[in-house]
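As a starting point, one isolated chain is supplied in structure tokens, in the form predicted on its own.
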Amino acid sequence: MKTPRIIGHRGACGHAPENTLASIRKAAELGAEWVEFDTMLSADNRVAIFHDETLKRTTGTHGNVAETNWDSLQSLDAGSWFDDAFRGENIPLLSEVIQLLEELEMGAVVEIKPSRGHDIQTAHLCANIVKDTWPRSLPTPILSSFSEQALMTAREQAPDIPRALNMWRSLDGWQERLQQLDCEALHCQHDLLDEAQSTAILAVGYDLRCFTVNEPARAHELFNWGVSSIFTDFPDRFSE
């Protein structure tokens, strides 16, 4: 499916604390039409927007997301680690982000980022929320994941929502894995990709998007190879 060339990574996380409403608003302010963000379950099975399994890096507190109830998660400060101007910025729910995307008229790549051992449940709940509540006014979203188990579950729960496999350590077996998971795209770490691999992936009909690209010269090279979109922390460094 067609996506804009520039997709804000975790919102616009070079300018605002990642995976927050502030970061998504900043991406829109900087001209991004789409954003990417991560979904993870709380202990009481609420779908939160968060990247790490542990809370330390972005909230300064101890504990794991999967072992913390939503009431406790939403009370944490997920902004001041980035800059004091964002003090009090909360961890949002997927439902809150979808409402904001509707307000901002933005599309999204929704990454299913399960804590260890929570692949199926995370994908089940995330895919169903997206399927049941995604605004018709917005472009069809993409569900992505590094977890093949999560993508298989997403296919079962929301077969009409396109899926993408994320790869960051190696591109080994990409074609077989994409076929097995019935994905429409490969999302890969840009450093893994060369022109020959790009040509091979595109030749068999998959879309190709790369993360995390923050240098315009590298983006230009990737686009020349046929990469359709890049995920970037700095949407303002690029133009369509």
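Just so it is clear, the structure is predicted and the values come from calculations on it, not from any experiment. Residue numbers here begin at 1 and follow the sequence given.
Form predicted in complex with ligand G3P: not shown, discussed below.
Student: Examine K26 and determine whether its closest non-hydrogen atom to ligand G3P in the predicted complex is within 4.5 angstroms.
Tutor: No - in the predicted complex, heavy atoms of K26 and ligand G3P never come within 4.5 Å of each other.
Student: Answer for K113 alone: is it within 4.5 Å of ligand G3P in the predicted complex, judged on heavy atom distances?
Tutor: K113: yes, in contact with ligand G3P in the predicted complex.
Student: Would you classify S144 as touching ligand G3P in the predicted complex, given a 4.5 Å non-hydrogen atom cut-off?
Tutor: Yes - in the predicted complex, heavy atoms of S144 and ligand G3P come within 4.5 Å of each other.
Student: Using heavy atoms and a 4.5 Å limit, would one call D207 a contact residue for ligand G3P in the predicted complex?
Tutor: Flag for D207 set to no.
Student: Does ligand G3P come within 4.5 Å of a heavy atom in each of R5, E215 and F238 in the predicted complex?
Tutor: So, no: the whole triplet misses ligand G3P.
Student: Ligand G3P isn't shown here, but in the predicted complex, which of 61-69, 173-181, 33-41, 195-203 has heavy atoms within 4.5 Å of it?
Tutor: After filtering at 4.5 Å, what remains is 33-41.
Student: Which of the residues spanning 1-19 lie within 4.5 Å of ligand G3P in the predicted complex, based on heavy atoms?
Tutor: Contacts from 1-19: H9, R10.
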